[in-house]
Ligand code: C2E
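In the form predicted on its own, a lone chain appears below as structure tokens.
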């Protein structure tokens, strides 16, 4: 029977356990899933520390139901768990474990104080296939956890490319937009946005990824800081805009009212040629302006509120839709929100995640939805991870949902096959 150890164990203990297990006769390999839970602080604040402890204990018990008798589960430093798999048949065995753990992390626990849940980011690696020893196995899983957070994925499998420290300033500066464009190393992934009332596809958000030949798939959180204040930010936006509109042009013919969302950085708002570049791209790809949604974060808007408002007014005059992204994480006042010429308000996932467990957060989200509707904004909830959260948001009259419950970001061909084709067929069937 697998066991959960006491919450105060240190990683040094885990390293010794890995070394001991790998030395056991008959153990040819070990797979490890390192699990970092998120959301405990919100639970503690809303329901008390005893409720948070109970939630962790419940998660540990559910991990034991996943583990085979020869597998082991350890709890390290409270919100960190390690799941050791004896003799995984292949990498997919460990990945399957991570997928099952992700589902268990989303299961709500019923307590007198309400329904509570956590979310998880995980890193997966194998020894000796990838790691030579216990320390390397743990380090690789740590790197994979960090990547899963960066990509906003539930888990990431360690690869050799992740071994490079992409966080260093020297490696950030190695990202050259012109060079990666010339080598065709940039790719867009698309995450579906779903109308909560009808359940139909309403659009997609385009997310850029760098397919580095030495580092694999790299998220923009790594390379964007290096180019934010350079001309490279304009070249990157031009690529993203045109690649997204090329797909949107095809998909909009098949899915009624399809809208493509493209992210803008603060540096883009300072580009004097921004309006002309967007108008030209719309003309080239033959897309109506209202089918393009430009997303700008609340924090970016507040960096220079006056300049941002003027630029947004110019964009609005062009006819495109404007969305305030990650609302709730910045410092925008309600009066500022009222004055912005925006069409959509995206509620940040940090507010969406606790709606099932926190009455306070439900009231905040409900109030934001009412406010947005009062100023004729459509509301998009980010980070929806299960049907229960979707139903709560639907009950609050939220308009659109986005998150892993509907689908993770995927390449264009996969998005077309899994989303566009499905809703194109259903629309034909009703015609």
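Please read all numbers here as calculations on a predicted model, not as lab measurements. Take the two forms, find the largest set of C-alpha atoms that superpose within 1.5 Å, and that set is the rigid core. Residue numbers count along the first chain shown, from 1.
Beyond the structure shown, there is the form predicted in complex with the ligand, which is absent from this document and is the topic of what follows.
- Contact with the ligand in the predicted bound form holds for all three of 149, 208 and 409, each having a heavy atom within 4.5 Å.
- Proximity of residue 378 to the ligand in the predicted bound form falls outside the 4.5 Å heavy atom cutoff.
- Proximity of residue 264 to the ligand in the predicted bound form: non-hydrogen atoms within 4.5 Å are present.
- Contact annotation for residue 240: at least one heavy atom lies within 4.5 Å of the ligand in the predicted bound form.
- A residue is said to contact a partner when one of its heavy atoms sits within 4.5 Å of a partner heavy atom; residue 325 meets this definition for the ligand in the predicted bound form.
- Scanning 191, 130, 358, 156 against the ligand in the predicted bound form with a 4.5 Å heavy atom cut-off leaves one residue, 191.
- For the options 275, 224, 249, 109, the residue carrying a heavy atom within 4.5 angstroms of the ligand in the predicted bound form is 224.
- With the ligand omitted here, the record of contacts in the predicted bound form names 378-386 of 27-35, 378-386, 392-400, 58-66, defined by a heavy atom within 4.5 Å.
- The rigid-core alignment places the CA of residue 80 2 Å or more apart between the shown form and the other one.
- Once both forms are fitted on their core, the CA shift for residue 311 between the shown form and the other one remains under 2 Å.
- Core-superposed comparison between the shown form and the other one: the C-alpha position of residue 381 differs by less than 2 Å.
- In the predicted bound form, the CA atoms of residue 382 and residue 142 sit closer together than in the displayed form, by at least 3 angstroms.
- Panel note: the distance between the CA atoms of residue 353 and residue 144 is smaller in the predicted bound form than in this form, the difference being 3 Å or more.
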